[in-house]
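Have a look below at one chain only, the form predicted on its own, in structure tokens format.
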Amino acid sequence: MHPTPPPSPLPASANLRPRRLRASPLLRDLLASSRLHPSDFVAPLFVRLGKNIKTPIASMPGQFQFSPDTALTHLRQLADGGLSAFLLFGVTDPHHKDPAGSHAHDETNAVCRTLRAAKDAGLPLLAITDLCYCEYTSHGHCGPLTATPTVDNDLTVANLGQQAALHARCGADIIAPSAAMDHMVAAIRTGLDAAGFPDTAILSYAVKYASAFYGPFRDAAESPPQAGSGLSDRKTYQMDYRRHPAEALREAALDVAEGADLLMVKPGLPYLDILKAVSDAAPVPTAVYQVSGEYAMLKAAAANGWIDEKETVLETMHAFKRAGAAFILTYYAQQLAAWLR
């Protein structure tokens, strides 16, 4: 015997046809609850020392490693296309790498040079810098290692405060720490304030999972964990995706308490439930990062003719907005701005 279905909240005689509200593009646009604009997107860039460099990244079609001069040309294109922010990652030549990642503190490194060039050019773009050591260490981890081995949390957060002050001096508007160290936000806020940058905002990678979706990024940034370091992955400090979403809320709350002005959830599409939970609970805006693996999969499927790239990417961006993203970091930023125009 089948259970009796619950009564309908609407009278049985109501002549309801939901399709009426889908009848035309104008009507669908009128009723859309999520909308996209070029200013919703932040474009990540990879920069390295040198001149006239624009090297394609094989696993991320359409993305490049730039030198500061070619990065400036690209940034002008982003501004002309209506974008309002970019995120810099440094790519470090092997001879500049060491176990402590000391090149991160060199004011002549690629990130610092690109920041100064962008600010000197007066580009109408917010400059965001990734704050970590994985691109600078010889072992590919996010800070100096202990004998255990794992990343030395307290030494790393002290160093991050210094790195943040350097980026602010070179022109960063927003510091985005991704090292996944406990109490890194407090150290960065202290470092910025002591250096005279109390108005420089912190966008914390507060909810960052140890994900397989980062593979192409590690090719682009030349920063995979190295064999012989004793650590084959970053699971001792990045979050375990098998944990309850309550852990993500706890991580976000800790960073807000320490001074984070903005939060980030990373990766994106596999973690829409986490994005929704954090954006609903957090008292500050929450962003999402559509990471390299997500981008590469869409590019590969599109190249094979298996999906309509534009429609699939736009659908994905609306999913992020519905889940509460205030803005989206994506390698599709420039293409999205063109599509939306």
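Quantities reported herein were computed from a predicted structural model and do not represent experimental measurements. Numbers follow the displayed sequence, beginning with 1.
Keep in mind that the form predicted together with a small molecule is not shown, yet the notes after this line are about it.
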In the predicted bound form, does each of K208, R234 and V291 have a heavy atom within 4.5 Å of the small molecule? yes
Which residue among S84, T200, N153, Q238 has a heavy atom within 4.5 angstroms of the small molecule in the predicted bound form? Q238
Using heavy atoms only and a 4.5 Å cut-off, determine which of R250, R218, R169, K119 is in contact with the small molecule in the predicted bound form. R218
Though only this chain appears here, would C132 touch the small molecule in the predicted bound form if you measure heavy atom gaps against 4.5 Å? yes
Tell me, yes or no, whether C142 is in contact with the small molecule in the predicted bound form, where a contact means a heavy atom of each within 4.5 Å. yes
Heavy atom to heavy atom, is Y331 within 4.5 Å of the small molecule in the predicted bound form? yes
Using a 4.5 Å heavy atom cut-off, which of 240-248, 200-208, 254-262, 73-81 contacts the small molecule in the predicted bound form? 200-208
